[in-house]
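The chain below stands alone and is given in structure tokens; this is the form predicted alone.
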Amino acid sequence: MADESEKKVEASQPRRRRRPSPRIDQFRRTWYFFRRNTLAMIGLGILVFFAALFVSSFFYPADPTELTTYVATNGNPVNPNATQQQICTYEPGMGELPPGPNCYATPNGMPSVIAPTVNLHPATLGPLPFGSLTQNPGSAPFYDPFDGLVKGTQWSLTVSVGVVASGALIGILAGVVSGYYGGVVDEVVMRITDIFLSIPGLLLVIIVLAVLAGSVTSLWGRMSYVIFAFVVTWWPTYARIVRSQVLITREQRYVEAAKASGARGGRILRKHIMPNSIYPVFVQMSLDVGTVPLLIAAIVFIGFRLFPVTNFPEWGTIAALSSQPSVLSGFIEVCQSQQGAACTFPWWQFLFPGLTLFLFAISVSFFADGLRDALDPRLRR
């Protein structure tokens, strides 16, 4: 009877809530401080948008490996049996009238230059809501920047995340081993790191691709070499960051206590050194993710081919194609041939690819700054 009464008393008492684990408690505390940062939340919102665009790009109906090519009919109706995708265009300045519905007005002498339009066709998401992207303003073919930027999401994010994750992994391993063991190991690893850091990053990427991937034409083969070439230039930065943190962490008392208890070096590295030395790496990784497309744009702009096809749907490539010197000179020649007539400059070719790169880079920067402030106890005060 006594046992039953005790059970009833225990059942009537409210149960104590189980205290969350230290890692969950730390995550909640970090999220609390992170969400108080307005710019960090803006950056997170933009990144969520790009993540949703990344998922939707796999269901995009167009060819995912090349920008969709369009041909201007220049006053003629669209032929539905044509092998290439056609778009009806006409030149109002030359006295042409719209041949039919869904025809786009173009400047004089520029049949492939189409300004941004509002078209809510449910099947194709367009076409040309961001205007046309052309390498020769006086002729076809031309491309749709919206089409390329949507499809380019999966390739840009894949390359960026692949480069940063691989470079960070190699750099963490090198930095941890170098900082913990010291001596000859530290000297050898750091001197190799200095050699890679002494070579300009863009030059090293071009050299690696020219030597290893000159004859590779397959898509994933070429992509693998592109990621590898960037990783070669990326890991030394992480190695230096991690080494400096490990030199501080290895002198802490809990590491000395682990050594005194007989723990082996591998366990100390795995349980104590690495978890307490990689927080700065997360911030650096978030910054570097936004840098990779900008570097790709710089390499493509100087004329080096990174991907299997010239018109590859990747943000940096599209931005570089829109600002090539040949494009600018083509517009200047067409405008000069009009003998004083009003000339339309295709501002949209530069604005939308550049705006995409800017939003991605600035959102990652905002997110990284907020993450750094939330993780650093000294900045929470």
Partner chain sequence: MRLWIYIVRRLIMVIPVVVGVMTLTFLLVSAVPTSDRLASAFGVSPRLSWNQYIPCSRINPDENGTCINPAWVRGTHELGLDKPIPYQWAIYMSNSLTGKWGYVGNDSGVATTVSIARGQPVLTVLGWFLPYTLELAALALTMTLFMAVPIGNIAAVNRNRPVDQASRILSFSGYAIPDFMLGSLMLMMFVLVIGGPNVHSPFCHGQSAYTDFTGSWPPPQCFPNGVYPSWLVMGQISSPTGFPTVDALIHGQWWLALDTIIRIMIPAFVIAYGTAADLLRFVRNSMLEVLNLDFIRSARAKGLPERTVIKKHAGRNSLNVTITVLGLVFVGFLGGFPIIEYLFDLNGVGIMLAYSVTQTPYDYGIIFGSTVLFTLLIVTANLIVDVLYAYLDPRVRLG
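Positions refer to the first chain, counted from 1. Computed from a predicted structure; not experimentally measured.
Omitted here: the form predicted together with the partner chain. The next part is about that form.
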Is the partner chain close enough to 46, 48 and 224 in the predicted bound form that each of the three has a heavy atom within 4.5 Å of it? no
Considering the partner chain in the predicted bound form, find the one stretch among 294-302, 69-77, 159-167, 265-273 with heavy atoms no farther than 4.5 Å from it. 294-302
Can you pick the one in 60, 27, 345, 54 that has a heavy atom within 4.5 Å of the partner chain in the predicted bound form? 345
If you check 97, 188, 82, 203 against the partner chain in the predicted bound form, which one has a heavy atom within 4.5 Å? 203
So, residue 248 and the partner chain: in the predicted bound form, are they within 4.5 Å at any heavy atom pair? no
Looking in the predicted bound form, any heavy atom of residue 40 within 4.5 Å of the partner chain? no
Does the partner chain get within 4.5 angstroms of any non-hydrogen atom of residue 279 in the predicted bound form? no
Under a 4.5 Å heavy atom criterion, is residue 354 part of the interface with the partner chain in the predicted bound form? yes
Using a 4.5 Å heavy atom cutoff, which residues in 203-231 contact the partner chain in the predicted bound form? It's fine if the answer is none. 203, 204, 206, 207, 208, 210, 211, 212
